[in-house]
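Here's a solo chain for you in structure tokens, the form predicted alone.
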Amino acid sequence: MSLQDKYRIINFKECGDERGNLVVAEGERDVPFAIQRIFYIYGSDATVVRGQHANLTSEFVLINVSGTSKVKITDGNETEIILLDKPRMGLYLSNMLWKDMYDFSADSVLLVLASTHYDEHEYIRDYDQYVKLMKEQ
């Protein structure tokens, strides 16, 4: 399975009029899983790198609801860099993808939807260990 099979861009429906815009993201409809956890990252700057891990079971959708950021994803072989620059754009990440979020604009708010509740034991935080696990699959 190639890296491109493990992520995808989601363009959420945007409704707007003179009052402003509304973006809807429904779990198990627009988001390909039941949402179990929501968190967001803000107050980071262009020099900060967040993430730097993979997850054994969790899937994610990342949405920069304000500002911009970049996400570097890899499966240990291929690497892609995705620019999140529209509040209606989501980045779906399957499990077992290494992710680095970085190059945050000053006004960046990165919203993350997760398929699981937090469990420290399903995080892989050592890149060499991650690459070894990927080669065993």
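Since the model is a prediction, treat every value here as computed from it, not as a measurement. Throughout, we count residues from 1 along the sequence that is shown.
Missing here is the form predicted together with thymidine-5'-diphosphate; even so, the following discussion is about that form.
When thymidine-5'-diphosphate is placed as it is in the predicted complex, which of 84-92, 68-76, 49-57, 26-34 ends up with heavy atoms within 4.5 Å of it?
It is the stretch 49-57.
Taking the shortest heavy atom distance, is residue 101 within 4.5 Å of thymidine-5'-diphosphate in the predicted complex?
The answer is yes: residue 101 has a heavy atom within 4.5 Å of thymidine-5'-diphosphate.
Residue 123, heavy atom within 4.5 angstroms of thymidine-5'-diphosphate in the predicted complex
So residue 123 counts as contacting thymidine-5'-diphosphate.
Proximity of residue 41 to thymidine-5'-diphosphate in the predicted complex, heavy atoms at 4.5 Å
Answer yes; at least one heavy atom of residue 41 falls within 4.5 Å of thymidine-5'-diphosphate in the predicted complex.
Suppose contact means any heavy atom within 4.5 Å; which members of 61-76 contact thymidine-5'-diphosphate in the predicted complex?
Counting only heavy atoms within 4.5 Å of thymidine-5'-diphosphate in the predicted complex, no residue of 61-76 makes contact.
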